Ligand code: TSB
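Coming up is one lone chain in structure tokens, specifically the form predicted alone.
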Amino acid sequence: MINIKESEKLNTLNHSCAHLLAQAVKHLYPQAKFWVGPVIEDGFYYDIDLGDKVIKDEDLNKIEKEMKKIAKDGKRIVRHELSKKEALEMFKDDEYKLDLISRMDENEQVISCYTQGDFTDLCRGPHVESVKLLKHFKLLKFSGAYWKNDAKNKMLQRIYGVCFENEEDLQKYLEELEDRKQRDHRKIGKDQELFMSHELVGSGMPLWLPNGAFIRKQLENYIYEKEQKMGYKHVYTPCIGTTNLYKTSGHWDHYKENMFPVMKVDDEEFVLRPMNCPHHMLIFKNKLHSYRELPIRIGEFATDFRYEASGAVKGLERVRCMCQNDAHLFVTPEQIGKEFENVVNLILDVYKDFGITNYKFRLSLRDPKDKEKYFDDDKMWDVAESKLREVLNNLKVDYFEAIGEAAFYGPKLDVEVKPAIGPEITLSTCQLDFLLPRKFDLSYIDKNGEKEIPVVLHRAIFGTFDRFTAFLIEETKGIFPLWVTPVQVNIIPVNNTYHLEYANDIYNLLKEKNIRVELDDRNEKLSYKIRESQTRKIPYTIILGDKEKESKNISYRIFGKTETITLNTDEFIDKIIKSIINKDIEYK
């Protein structure tokens, strides 16, 4: 989907349309006052104070009609430049504009406004020449918004819209928006009973329902099996730690604002853990290691807690309680290249299984000028960044560099994935760390019998199971790969009196083969049960009637298709098992 904010033409068009919206609102609601109306990725919005008036759905249609009337009138849009004194006088009765003007630098900034017919507003511009160019727009939604995004201030009303050069582009965009709505993991999560939230539990604390918990368990089993084959050893560690643990690691100085408040118990101070590396450092330190034992790969499906602002919390995508697919690899300097390569290959293998193709690698580096965010050791950073760059070049992986995106203790490789909706997200990450092993005084005995400090690779393949599940839901529209989905086959007898016994035979046979199957023996119409099976997005719906009972075959429909296919039972079971083993993305 196009980013309107990044297109010069569309940016200007939408900026102008925001003023058209404001003018129409002013015509319909003379008491209206306006805060800001910026262009955003999905179009534009305007924050409006309407006094006691509350916008409703039907009001958007009224405003649209008035906007079209103004556009048809075809007034020119004229720019004026003002001194700060003139601007203050012009908007002396508008506290919102006065606030904006008072914060402008009188010596450096030209204050400009734009006039179209009977409406004038402060704006830097640019704008189109005439309102007659603003024909192809749509108001999308409305919401509340605190003035200056501060909950202590008055609640304003925000109206969102979008504008294009022609009707074809507008309709195409609206169709894409509708697709995004249908893909929204929060909607699908509710429809398919995957997860929920409740105010008594708290914002950003999702509750995984049985269907969602099953999917998450499938993901856990999948990555656990892969990690076991690669020599990872899994552990369990507490969800809390003392403040001294995070002061030792350095997270207290660099990450405290993202932690939950301190809990005092007896003579100790605890916090809910935001990450797992300090715990894993202590597990490594639990005994003396020889260089022959390295690399040591410690993995954990670990529940972590991070403070997210309430406005940023979103379904499973942005949560305050999350489960990380975390691991820490303790290696010798000579092993960095090979272990880093293994992590990259694991990422690529996982992405292949899930059909993820739209991604790119980002080498996240420190900003040498930022001495507060990053541990101040130039030599350590130079060695770490050079090592990662060398490994990526040897792997012939395409990547780009990003200054200021590293962790406070070391550079990292981030894999940025473009999801079906929304901006790019980071799914997988691998971080190189020379610092924390020093802070925890870790060591191993090298081949000369001397103590050496190990290097640590922090890595997460799925990132968090929460975010990856949200990504998977939206990528698939809830049509999960066969090996992941909670129910793989639904059996519907045409008539319970005549066909239920045969349906039970098929049900038991599939169960014996570990195929996840349900039998719909309710006394409902056949068409209703088939439609409901499709609504639930069950991959295969078996329909059993007289013909199937007599021939000892089965007839089935694949989700999303109307064609009915008939096979003998053994062929169908073989087909399903092969698809599960091959981790097919699509149903065949």
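Don't overthink the numbering: it's just position in the shown sequence, from 1. Keep in mind the model is a prediction, meaning the values are calculated, not measured. In this text, the rigid core denotes the largest set of C-alpha atoms whose superposition between the two forms falls within 1.5 Å.
Below: the form predicted in complex with the ligand, not depicted.
Participant: Hey, in the predicted complex, is H185 touching the ligand, heavy atoms inside 4.5 Å?
Facilitator: Contact with the ligand, no.
Participant: Find out whether any non-hydrogen atom of T243 is located within 4.5 angstroms of the ligand in the predicted complex, and reply yes or no.
Facilitator: T243: no contact with the ligand in the predicted complex.
Participant: With the cut-off set at 4.5 Å between non-hydrogen atoms, does K97 touch the ligand in the predicted complex?
Facilitator: Flag for K97 set to no.
Participant: Although the partner isn't part of this model, could you tell me whether V344 comes within 4.5 Å of the ligand in the predicted complex, counting any heavy atom of the residue?
Facilitator: Residue-level check for V344: no, no contact with the ligand.
Participant: Heavy atom within 4.5 Å of the ligand in the predicted complex: which of K387, R318, K256, K84?
Facilitator: So the residue touching the ligand in the predicted complex, by this definition, is R318.
Participant: May I ask you to choose, among K247, R158, R306, R438, the residue with a heavy atom within 4.5 Å of the ligand in the predicted complex?
Facilitator: In short, R306.
Participant: 73 to 81, 446 to 454, 358 to 366, 460 to 468: which one contacts the ligand in the predicted complex at 4.5 Å, heavy atom to heavy atom?
Facilitator: Looking at the other structure, the answer is 460 to 468.
Participant: May I ask you to list the residues of 271 to 303 that have any heavy atom within 4.5 angstroms of the ligand in the predicted complex, in sequence order?
Facilitator: Counting only heavy atoms within 4.5 Å of the ligand in the predicted complex, the contacting residues of 271 to 303 are M275, C277.
Participant: After a core superposition, would you say A407 shifts its C-alpha by at least 2 Å between this form and the one not shown?
Facilitator: True for A407: a C-alpha shift of 2 Å or more.
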